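The form predicted alone is given below as one chain in structure tokens.
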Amino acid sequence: MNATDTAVVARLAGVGKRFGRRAVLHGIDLTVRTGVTGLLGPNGAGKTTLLRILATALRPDAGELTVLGDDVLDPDGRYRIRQRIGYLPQQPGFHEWDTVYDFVNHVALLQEINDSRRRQSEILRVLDIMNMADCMHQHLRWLSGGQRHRVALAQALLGDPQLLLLDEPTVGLDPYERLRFRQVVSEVARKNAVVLSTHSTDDVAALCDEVVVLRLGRTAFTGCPAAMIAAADGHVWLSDAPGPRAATWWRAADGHYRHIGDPPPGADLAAPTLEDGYLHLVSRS
């Protein structure tokens, strides 16, 4: 999908956020378009904070942000934004004695899906998408971690959101569930926007049109996956032993050591992967 074929869903200009004396985000500039945008970065890089700001759960301390054409600092704008987005936080806040249906019904009411027939139809639709319809009358406390995560994903899909915000959405999912998740996100992204915060470069490679790498609250990279791979060209090499010049290294299954950093003269250079590109970007001083 080309940028010229996509609609702008959110714009961030100089967005910053502090918690007390600690600055978490520093002047983030970003344009979110229809399709899938992946957020990568180490723990503490600011990914969750950025998602919470996009979801209007946090206010930025600096900069400008519009979502779906509305200013997040305007109370009426925030109200309109919240009716048109879906949000999966890292910790959904389950009430363990709720049934699956009750939990999703509660979220649907918060989204003001007030017509009972439409609400019931929408609940059944999203539970069916996540293969949880057969469990709708079970209490959340008796579900596995993966099942709970699928329920949380289901509530984020209520109302066919124009912007879907997902924080670590594949944690706890088995390989089949992860594949189903990718199918769901791909379908949403045909006409709407998805911002996906993750530590999985596999999910980014499989789904994302755009990748944003955050490091220490700043943007270290913005571009397509191919450009992120290209960033590590000439910085990945193989040898029979760990190399002291590497920023990071590990022993591969074939017994060779894979290194990322500044290669020594005559090094056996390897073609980089998306993971290599990410590690190269976040390991630079």
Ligand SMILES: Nc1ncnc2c1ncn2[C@@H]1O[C@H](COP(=O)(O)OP(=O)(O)O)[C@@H](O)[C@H]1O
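Quick note: we count residues from 1 along the sequence shown, nothing fancier. What you are looking at is a predicted structure, and each value in this text was computed from that prediction instead of being measured.
Form predicted together with the named molecule: not shown, discussed below.
| request: Would you point out which of 65-73, 40-48, 225-233, 27-35 contains residues with a non-hydrogen atom within 4.5 Å of the named molecule in the predicted complex? | output: So the stretch in question is 40-48.
| Are all three of 19, 22 and 90 close to the named molecule in the predicted complex, meaning a heavy atom of each within 4.5 Å? | Yes.
| request: Would you give me the residues of 56-74 that have any heavy atom within 4.5 Å of the named molecule in the predicted complex, in order from first to last? | output: Residues within 4.5 Å: none.
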